[in-house]
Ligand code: NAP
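Quick setup: one chain, the form predicted on its own, written in structure tokens, and binding and motion questions come after.
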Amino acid sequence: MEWRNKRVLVTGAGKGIGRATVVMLASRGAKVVALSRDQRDLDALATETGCESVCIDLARTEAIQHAVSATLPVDLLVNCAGTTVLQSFVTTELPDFNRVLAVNTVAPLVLSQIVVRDWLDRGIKGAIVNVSSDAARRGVVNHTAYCASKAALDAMTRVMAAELGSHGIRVNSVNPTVTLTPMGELAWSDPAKADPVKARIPLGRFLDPDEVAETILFLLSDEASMVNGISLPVDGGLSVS
């Protein structure tokens, strides 16, 4: 794909998969708008890649409209921002549950609505990638809110694809297994928890953020022009093991 003519909005850009995606897009010539809640991360990214930046906590749903509208127009959108809280089902607290859903599910809804309305007004055929998780279809102990939020994101992806396809707008999700981002390392630092999962992955390891970023770029690209409405496992074969 000719990235030099593309302007891409990437959320969750400060760390992990989002950061890897920004760096990869910028290195291939795209103009990137990086969104994160940490200004220090954004400053470092801007120095490294020359990206534009927007500092916002996506849990503040009421602030998204103003912040994102100011970045338009964009050609492509990556909803990568994510958070989690490690609590058992029995001990999950409602404020924590609601915050995880606000960032992982509600923010992609609101962001996508803002961008898609602009595309429809201008007759643009864009593409959206929602960064979901293998946890969307598994019951992971102590991940009640996270699993619920990602399953909802996948369901929303399918609806978006069905409704927007006739306008030439493609929407897909990427569903990586454990990825060694700061959040992933925190959640999977205990070998007693991590090793049994690795043992079920035919390729025998967890993911590097760049491996997910490459998949995101493919789904954004014209090379994926007939790929719409899928939840693509990036899991080393875990889903078939």
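Just so it is clear, the model here is predicted, and its values are computed rather than measured. One-based numbering along the sequence shown.
Unshown form predicted in complex with the named molecule; subsequent notes refer to it.
Enquirer: If you check in the predicted bound form, do R37, D41 and V178 all have a non-hydrogen atom within 4.5 Å of the named molecule?
Expert: Per the other structure, all of R37, D41 and V178 touch the named molecule.
Enquirer: Looking at heavy atoms inside 4.5 Å, which stretch does the named molecule contact in the predicted bound form, given the options 137-145, 111-119, 163-171, 124-132?
Expert: After filtering at 4.5 Å, what remains is 124-132.
Enquirer: Any chance E211 has a heavy atom within 4.5 Å of the named molecule in the predicted bound form?
Expert: Output for E211 is no: heavy atoms all beyond 4.5 Å of the named molecule.
Enquirer: For V78, is any heavy atom within 4.5 Å of the named molecule in the predicted bound form, or not?
Expert: Flag for V78 set to no.
Enquirer: V68 versus the named molecule, in the predicted bound form: is there a non-hydrogen atom within 4.5 Å?
Expert: V68: no, not in contact with the named molecule in the predicted bound form.
Enquirer: Determine whether any heavy atom of P202 comes within 4.5 Å of a heavy atom of the named molecule in the predicted bound form, and answer yes or no.
Expert: Flag for P202 set to no.
Enquirer: Within 4.5 Å, heavy atoms only, which of A194, A59, A46, A26 is in contact with the named molecule in the predicted bound form?
Expert: If I apply the 4.5 Å criterion carefully, the residue I get is A59.
Enquirer: At 4.5 Å, heavy atom to heavy atom, what parts of 94-130 sit next to the named molecule in the predicted bound form? List them in sequence order, or say none.
Expert: Heavy-atom contacts to the named molecule in the predicted bound form: only V103.
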